[in-house]
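Next comes just one chain, in structure tokens: the form predicted alone.
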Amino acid sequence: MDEDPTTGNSPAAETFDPDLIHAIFKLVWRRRAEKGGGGNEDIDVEPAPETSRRNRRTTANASALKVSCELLRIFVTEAIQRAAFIAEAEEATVIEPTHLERVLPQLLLDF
């Protein structure tokens, strides 16, 4: 009853690297802090209980990163499947950016 790892039906299905997702989150958090005027936010350190909400540092634990990676994998897989369906309806053999552009509005509403 072994599943093919590329189908997404097995626990060993490939997903995004949690370190990559964490780096992306840190970049976004840092940019938001700079935009908000904070600018001195250290992402990896747990906040002290006495700090105000505005001065707290943003963190992500391993479980949150794992769930985020899985959500991104499912989102990308669904986008590709929907774009492939549109391409097949047009009798195209390659998924073009226009196929993705057509499915993204409904995909974003569904997620």
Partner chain sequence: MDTDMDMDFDTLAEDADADATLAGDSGGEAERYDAAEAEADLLRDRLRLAVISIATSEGKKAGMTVADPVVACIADLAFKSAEQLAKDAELFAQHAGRKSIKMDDVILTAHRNEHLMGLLRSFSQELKGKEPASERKRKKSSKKDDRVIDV
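For the two forms, the rigid core is made up of the largest set of C-alpha atoms that agree within 1.5 Å on superposition. Computed from a predicted structure; not experimentally measured. Positions refer to the first chain, counted from 1.
Another form, the form predicted together with the partner chain, is not on view; read the next lines as being about it.
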query: Residues of stretch 79 to 111 in contact with the partner chain in the model of the complex (4.5 Å, non-hydrogen atom); finding: A79, I80, Q81, A84, A87, E88, A92, T93, V94, I95, E96, P97, L100, E101, L104, L108, D110, F111
query: E90 C-alpha shift between the shown form and the other one of 2 Å or more, rigid core reference; finding: yes
query: Yes/no, R102 Cα shift of 2 Å or more between the shown form and the other one with rigid core fixed; finding: yes
